[in-house]
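So this first bit is one chain, no partners, the form predicted on its own, shown in structure tokens.
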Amino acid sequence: MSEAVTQNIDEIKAVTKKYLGDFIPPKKMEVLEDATALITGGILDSITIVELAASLEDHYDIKFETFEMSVDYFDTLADIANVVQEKIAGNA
């Protein structure tokens, strides 16, 4: 089993949050929680979603389908971490 497969959800959230810091102003990062609405809350736009997905793809050696870069998969930090974890485990 590779190291990437053993990544737990908290580690994935920490990595995702690090990349989100590249796109979200520091004041919004200070209040970012697992359930903060990133897309429906107007924090991330379509360009930043694609850039975040590319960063996560490079970091974890995974690939997102176009339909996954949507509110269903990227609206919260928890949503993003869940889909990344599923991809690492090979379930998505």
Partner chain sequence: MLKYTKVVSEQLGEGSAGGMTKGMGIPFLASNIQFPKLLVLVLQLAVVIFSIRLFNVEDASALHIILPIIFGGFIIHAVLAPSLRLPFFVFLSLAAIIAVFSWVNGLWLIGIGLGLIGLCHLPIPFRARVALVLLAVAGLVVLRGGWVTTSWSELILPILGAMFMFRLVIYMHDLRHERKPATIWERLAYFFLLPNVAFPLFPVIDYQLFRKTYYNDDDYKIYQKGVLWIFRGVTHLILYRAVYYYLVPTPEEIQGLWQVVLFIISSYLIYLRVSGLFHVIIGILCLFGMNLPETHHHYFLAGEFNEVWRKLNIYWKDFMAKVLYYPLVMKIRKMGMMRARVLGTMLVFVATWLLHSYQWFWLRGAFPLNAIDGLYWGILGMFVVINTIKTTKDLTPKDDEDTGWSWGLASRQSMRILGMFIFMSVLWSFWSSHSIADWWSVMMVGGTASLQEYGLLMLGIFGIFAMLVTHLFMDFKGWSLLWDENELPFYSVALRTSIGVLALVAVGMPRVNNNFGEKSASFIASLKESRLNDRDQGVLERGYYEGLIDGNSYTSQIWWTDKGEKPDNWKATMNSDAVQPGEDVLVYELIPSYSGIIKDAPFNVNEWGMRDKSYAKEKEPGTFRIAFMGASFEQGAGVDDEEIFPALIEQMLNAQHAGQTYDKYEVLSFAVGGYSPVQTLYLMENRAAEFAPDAIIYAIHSTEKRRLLMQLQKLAQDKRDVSYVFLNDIFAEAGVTKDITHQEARRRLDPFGDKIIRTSFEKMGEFSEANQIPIIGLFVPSTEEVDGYNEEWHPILKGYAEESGFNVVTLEGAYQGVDAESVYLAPWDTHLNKRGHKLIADALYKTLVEEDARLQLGLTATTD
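Numbering follows the first chain given and starts at 1. A quick note: this is a predicted structure, and the numbers were derived from the prediction, not measured.
The same protein has a further form, the form predicted in complex with its partner chain, not shown here; the description that follows concerns it.
Taking non-hydrogen atoms only, residue 9 never approaches its partner chain to within 4.5 angstroms in the model of the complex. Proximity of residue 77 to its partner chain in the model of the complex: non-hydrogen atoms within 4.5 Å are absent; the residue sits far from the partner. Its partner chain in the model of the complex comes within 4.5 Å of a heavy atom belonging to residue 69. Proximity of residue 24 to its partner chain in the model of the complex falls within the 4.5 Å heavy atom cutoff.
Residues from 42-69 that approach its partner chain in the model of the complex with a non-hydrogen atom closer than or equal to 4.5 Å are 45, 46, 47, 49, 50, 51, 53, 54, 57, 58, 63, 66, 67, 69, in the order they occur in the chain.
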